[in-house]
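Only one chain comes next, encoded as structure tokens, the form predicted on its own.
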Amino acid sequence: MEDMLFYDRIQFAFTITFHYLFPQLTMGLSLMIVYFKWKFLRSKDEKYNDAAKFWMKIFALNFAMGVVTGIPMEFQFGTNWAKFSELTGGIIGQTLAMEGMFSFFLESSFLGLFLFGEKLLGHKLHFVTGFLVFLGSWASGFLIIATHSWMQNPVGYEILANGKFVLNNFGALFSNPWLWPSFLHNQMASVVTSSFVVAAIGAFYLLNNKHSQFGQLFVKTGVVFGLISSVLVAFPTGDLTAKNVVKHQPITFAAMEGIFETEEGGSEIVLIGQPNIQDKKLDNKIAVPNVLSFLTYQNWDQTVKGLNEFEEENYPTNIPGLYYGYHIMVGLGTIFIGLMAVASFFLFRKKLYKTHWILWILMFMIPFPYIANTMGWYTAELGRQPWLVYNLLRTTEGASPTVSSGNTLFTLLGFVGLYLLLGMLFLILVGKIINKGPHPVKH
């Protein structure tokens, strides 16, 4: 059973990690495309329209990859997690079906119109199609996170005699206190990814002295969007999300902060340290006293519960992974704020486009928002363990009992090979679009 559960979890973790490389760019990029199109309508400057169409090509490739890699995850609910689907399908099936029927079709339909219908529609209706793509993209994220939020903090349900979960309050799904902070935190993180990608491509153009007009536009837009979104990821959205964890999952909060023993009179915040599970302590830690209590409760002396306050059978199953995932996310987020603040300063001084060392940093930072987003989701998912539905359904109770570990490992290896080929094809196609650049401005 343990081997089977391990491979079920590894397969889902691999497929969803690879899949989310694409939506995290499209959700943020759709907002920036709407901005470019809006700037064109206001200024009549053709470069903004060319920028919108250039980025929509990259959006379309990411969207296609997201569809291809998202479908296998849907099937895994029926193959590897059949018991989970049987017990909770009456609830999670509703939000997932809404995402497919409404958000996905809204996004995909108007994506086609944006890509191919500019001459037929005219610029104002073309802007509307771009806005509807953005709306569909964010609505899709909202409904997926509504599903995730119910698993983290189940609300509006009852459990029947046969063990199945059913809704008794549909509106509770969307008023779940876990939902809105998580959704806004996730969307701002998506904007961070798109901002860094846009700024990186702009920096690439400037450093190579090609498409310089667009290089300046992309760097400026990416830096401004990046600074705003990086700050919003930390506060208020990240702060509210963390407070939800403290309130609803205190054992998770203790694990991700590395608090093994309750600290009376104020809890320190750990900057560096390695979890020692055997001895239940952090090795080689560097910490600042009382800061965690203040950030969490706005009280320097507030007690924060440690893992010793909870039953060991309810501990997160991978405390080191949870701890490192959380700290990598927070560390990178802090770096993003600092870098974008420095870049904004040089932009304000009108020196950014000629300051090559910052342009090089912006260009090579392109993978790090993807890492930060992935670590954020690992924190959420590892933090919920050992539960599929928090405090109600354990992960061990949701796996398919008839699917062997050998079958799951076989398909996992197939996914690894297939996704490697898909990833290489995607990079080649995106590279061709970037190398060609936006259409030149017509005078």
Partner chain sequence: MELFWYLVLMFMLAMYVILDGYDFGAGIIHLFFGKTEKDKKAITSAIGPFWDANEVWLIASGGVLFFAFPTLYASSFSGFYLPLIMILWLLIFRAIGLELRGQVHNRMWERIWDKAFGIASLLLALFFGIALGNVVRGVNLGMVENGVSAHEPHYFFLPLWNPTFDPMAEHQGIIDWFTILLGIIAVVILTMHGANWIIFKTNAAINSKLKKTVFRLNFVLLALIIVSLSVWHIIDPNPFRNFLEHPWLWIFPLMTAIGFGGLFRVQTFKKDITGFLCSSLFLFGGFASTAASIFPNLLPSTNDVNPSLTVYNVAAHEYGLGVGVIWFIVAAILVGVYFFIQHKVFKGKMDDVGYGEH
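Remember, predicted model here, so these are calculated numbers, not experimental data. Positions refer to the first chain, counted from 1.
Below, we turn to the form predicted together with its partner chain, even though it does not appear here.
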In the predicted complex, the residue from Leu240, Ile277, Leu96, Leu207 with a non-hydrogen atom within 4.5 Å of its partner chain is Leu96
Select from the listed residues Ile335, Leu106, Ala139, Leu271 the one whose heavy atoms reach within 4.5 Å of its partner chain in the predicted complex.
Leu106
Honest question, do Leu121, Leu167 and Ser400 all end up within 4.5 Å of its partner chain in the predicted complex by heavy atom distance?
yes
Can you tell me if Arg394 lies within 4.5 angstroms of its partner chain in the predicted complex, counting non-hydrogen atoms only?
no
Residue contact check: Ser267 to its partner chain in the predicted complex, 4.5 Å heavy atom
no
Give a yes/no on whether Phe63 approaches its partner chain to within 4.5 Å in the predicted complex, heavy atoms considered.
yes
Contact with its partner chain in the predicted complex for Phe415, defined as at least one heavy atom pair within 4.5 Å: yes or no?
yes
For the chain shown here without its partner, which stretch in 249-257, 221-229, 97-105, 314-322 has non-hydrogen atoms within 4.5 angstroms of its partner chain in the predicted complex?
97-105
For the stretch 71-101, return the residues whose heavy atoms include at least one within 4.5 Å of its partner chain in the predicted complex, in the order they occur.
Ile71, Pro72, Glu74, Phe75, Phe77, Gly78, Thr79, Asn80, Ala82, Lys83, Ser85, Glu86, Gly89, Gly90, Ile92, Gly93, Gln94, Leu96, Ala97, Met98, Gly100, Met101
